[in-house]
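In what follows, one protein chain appears twice in different forms, each by itself as structure tokens: structure 1 and structure 2.
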Structure 1
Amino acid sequence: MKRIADSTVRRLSIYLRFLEEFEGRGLATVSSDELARRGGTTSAQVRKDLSFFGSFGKRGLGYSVPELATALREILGLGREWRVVIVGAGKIGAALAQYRGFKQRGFTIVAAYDTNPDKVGGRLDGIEIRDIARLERDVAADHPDIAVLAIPAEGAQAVLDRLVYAGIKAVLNFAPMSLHAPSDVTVKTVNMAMELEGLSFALTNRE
């Protein structure tokens, strides 16, 4: 398959969110123009994004809301449950563990891991906090699909290496640092400090 740009996948995710809203309101069809307006892009962009995967619309009419939503869920791989583990039961790990938005989209958090003996054995919103020493054994047994890294930057690369070795192929990283992994492992980093610095830059360099 032709390589799909990251930005395209992100926009598909946005379109899906609007489609679900429209589905809830019982709308039957939507035009690329409408999706674009809501999503902050252009209608040509919407159509181009979709065209990589097939043709889903009817000329003169637009897209069937439920059909396009189904197609997008299929494309994004949301037709199944994804099993997620969280490493680091700190403040951000706890917020994520309790976040309802994940479950809603088919991402089930199966366990959390931590090094702190005071935390191990406890629970986060019903999710067991386990000793990180069990990581490899548990991954071999449970086959989680995705790991969320929510530990301090210092330990992040070492834990990532362990996750990779254990067979995890997708990681969402909250530690503010660049991580290195083999090319068959997808790592996405959410770096809030970086976003704030982007705002600082924008405020500083407006002419």
Structure 2
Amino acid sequence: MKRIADSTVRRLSIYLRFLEEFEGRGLATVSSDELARRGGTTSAQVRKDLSFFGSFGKRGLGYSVPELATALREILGLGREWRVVIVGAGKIGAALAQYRGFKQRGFTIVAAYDTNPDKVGGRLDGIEIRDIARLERDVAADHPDIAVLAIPAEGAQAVLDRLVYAGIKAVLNFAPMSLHAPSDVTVKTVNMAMELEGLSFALTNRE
């Protein structure tokens, strides 16, 4: 499959959320126009996004809500369990550990790690906080799929290097810095300042 742009993947996630809403309301079909309106895009973009993965819907009839929702879950890899570890048991790590939506989407948090001896041995919403010294050994034993970095910027690259060495191939980074990883490791950085700047731009440039 050709490389799919991150923006396309984000829109697929948005479409899926609306489809699940429609499922809950008992709607059988939906048009590309409706998905576009809800997702803040165009019907042509909806059709283009879906065309990367096959043929969906029928002209004049729209898309079958349950069929398209099932297809998008499969495309997004939501049909299996993904094991997740959180590195950093501070405020962001704690908030992530308590978020119920992860489990609903198939993301199971198996452990959290920290360097603070006052936190090690405690729990985040029932999840054990382990000493980060155990990281490589635990990864070898527990085989997590995804790591979440919720630590200060100054230590993030070193921890990422340890995760990569241990075999982790997907990392969600909340540290406010760009990280460097091998080409076979995917790192997604959540830049909260950038998101707020996008909102400030929208407010500043309202008609």
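Note that the structure is predicted; figures quoted are calculated from it, not measured. In this text, rigid core is short for the largest set of C-alphas that superpose within 1.5 Å between two forms. FYI, numbering is relative to structure 1, first residue = 1.
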message: Pick the form predicted together with another copy of the chain out of these two and give me its number.
response: 1
message: Please determine whether the C-alpha atom of Asp184 is displaced by 2 Å or more between structures 1 and 2 following superposition on the rigid core.
response: no
- prompt: Core-aligned, is the CA shift for Glu197 between structures 1 and 2 2 angstroms or more?
  reply: yes
